[in-house]
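As structure tokens, one chain now follows by itself in the form predicted on its own.
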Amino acid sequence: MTHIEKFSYDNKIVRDFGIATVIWGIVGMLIGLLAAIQLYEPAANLGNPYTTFGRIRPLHTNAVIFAFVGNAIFMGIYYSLQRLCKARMFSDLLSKLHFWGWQLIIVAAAITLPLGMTSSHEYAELEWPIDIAITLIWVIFGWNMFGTILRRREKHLYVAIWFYIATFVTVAVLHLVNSFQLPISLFKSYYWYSGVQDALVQWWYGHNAVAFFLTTPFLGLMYYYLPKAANRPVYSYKLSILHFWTLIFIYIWAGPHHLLYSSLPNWAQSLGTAFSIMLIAPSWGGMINGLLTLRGAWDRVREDAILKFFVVAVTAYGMATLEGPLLSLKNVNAIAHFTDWIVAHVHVGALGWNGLMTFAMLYWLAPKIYNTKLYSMKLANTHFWLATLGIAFYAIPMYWSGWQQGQMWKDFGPDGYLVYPEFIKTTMSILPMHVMRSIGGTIYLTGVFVMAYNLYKTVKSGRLVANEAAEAAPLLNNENHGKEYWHRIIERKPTLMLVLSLIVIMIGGAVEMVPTFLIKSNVPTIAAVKPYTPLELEGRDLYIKEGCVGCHSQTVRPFRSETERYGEYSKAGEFVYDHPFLWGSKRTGPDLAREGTAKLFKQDSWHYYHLVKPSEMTQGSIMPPYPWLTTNTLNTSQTVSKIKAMRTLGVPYPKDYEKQALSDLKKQAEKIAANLKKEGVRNKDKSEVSPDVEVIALIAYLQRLGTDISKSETTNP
């Protein structure tokens, strides 16, 4: 007779992550709504350094991705893993350390990002001490997860656990490679990689952060919660096997499609495109597997809000994973890249796939762990329609806006000249769509408040089953399974599953990055390109601090429309001393790669007034003013350390140059201050501009951009 073991499931940790999910979701979306309003109403920047669009945009993305979605992932995994393994979590202490450690990381992000402490890498803006904390907490999560899997009472690893394992190992690799930085101080560092190589690493990370943080864990959650909510088995086990292995192998190759028409080597761009197109098959295989799981349950879908959330979430996953590959086609990318089309694409995934999946899980889980019924299915249905309409009102205007931007930027008249040479005309034409976007975001956020109320009332009507009683037979390792398919053997060995997943995801990254780093011809140098002066280096750091890269790209693509507007297209050798690269991913404002060249030359005074009163220099500008740059004294206490760090990273500053760096900085600053005086610039209080304020350094950096390319290599106006 088989002995039955009694144990309990830890629902308290599920509850904790659930509460955090709701709270951070509201916070992250409120910040996102403020950022959306700032894109048509500059006054919403609130006139201080901490709430400008450049500083709160990364706060919004980090809050939604790692706080809202991250907590939802952990909530879903901690509940499902215990049931799938028929075991309590390996360690209650590790669970608590994971929860509180993750919340402290989020709080650290909420403090440092508005203060301008950022590395500028998209979705990885947090500075090096926080990166180390993320590593430690991720190890704790993995330790707890694998400890639970290894002491499971269920021999076979269900498909959801495959996705959890792949998520853990891949996110660990992505985070470690992308976070390779040289610290300068407690909250300042430079990436070891530069220019093209840094861009490749960033988008290998950035695309796969979407893949392995926003997608694979949610697919695992879909394979658990959707069948549970529908009370139906997964449609096809074979399809789930194909879905898993093909997805994790192909996804890791697709990052370079974010860098099409850039100075990344063409072979790497082509690989990104080819594998992106291949992604359609496994992605839609997963979508079909999810939707067909509901076969026989469609009558319930009309009444059950939870199933409605699941259906639209999985459909949004299918839409987003079709659109991503389409955007990797060069003819589509040529129009859509840098436009609002990308914003729409990202939010169909974030609001539709991640958001609606999270809402469905919360509605399903709360009554389970509180041993009660959902307070109001009517409110849940109301939330469903608010969320769905909110997504539509958000995404459709952004698709329209993006297409309009792409067409206006490329429009030539019969005379052969650009119809809209001034970037501001495009900006002003899309403002109504940005208003519509913020309305859509408000509708979506209203639904989240409805959900919070519904869940609160549900929780109040029940009582948390903190330790849910369970029983199961112990795992017998000497079971004879007879002749089996190869995949069955892997699906019973979690360590083998982890190792194979690691090998599969490492192949693509290695093939793309190793040649780019080791073969010099992939990044040809340009003799005219010189290191930044100390003042320009400090100005570049201010540019990063203020989040300017969130609105301005710094790479001119090889299109006539761009070379006519900005100047000669960008070369790989221009960026060899850029730690980090600053190519950007969105043009809310014009490209700045050639800002200092004769084609676009502006006097120092123009830059001064543009930073202080942008709407007066460019009528209709939505750029916020930066008056504090004219009063804040430039901090040069780390200039010497920065020069030494750059030399360590391979930037060819002369030996012992740091000894004269501050002197050179002062001379260049005084020259720019003298130019401003000559051009009649005065501060608000009528005083002359001091050479030791931040605006001087930022002007120096902006005036440097593009000047390394000689006039013989630059297209003349």
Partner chain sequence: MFKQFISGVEGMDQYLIFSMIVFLVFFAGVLIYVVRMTKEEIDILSNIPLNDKETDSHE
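Bear in mind that the values here come from a model prediction, so they are computed numbers and not experimental data. Residue numbers count along the first chain shown, from 1.
Omitted from view is the form predicted together with the partner chain, to which the following refers.
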Exercise for review: Indicate whether the candidate residues R83, K368 and I507 are all in contact with the partner chain in the predicted bound form, with contact defined as any heavy atom within 4.5 Å.
Suggested key: yes
Review point. Closest heavy atom of A229 to the partner chain in the predicted bound form, within 4.5 Å or not?
Key: yes
Check your understanding: Does any heavy atom of R300 come within 4.5 Å of a heavy atom of the partner chain in the predicted bound form?
Key -> yes
Review point. Does V234 make contact with the partner chain in the predicted bound form, using a 4.5 Å heavy atom cut-off?
Key: yes
Exercise for review: Although the partner chain is absent from this view, report whether I443 comes within 4.5 Å of it in the predicted bound form, heavy atoms only.
Suggested key: no
Study note, to complete from the structure: Per contact check vs the partner chain in the predicted bound form (non-hydrogen atom within 4.5 angstroms), the hit among 623 to 631, 382 to 390, 264 to 272, 193 to 201 is 264 to 272
Exercise for review: Counting non-hydrogen atoms within 4.5 angstroms of the partner chain in the predicted bound form, say which of W284, W128, W245, W403 makes the cut.
Suggested key: W245
Point to revise | Option touching the partner chain, based on a heavy atom within 4.5 Å in the predicted bound form, out of V511, V450, V612, V332 | key: V511
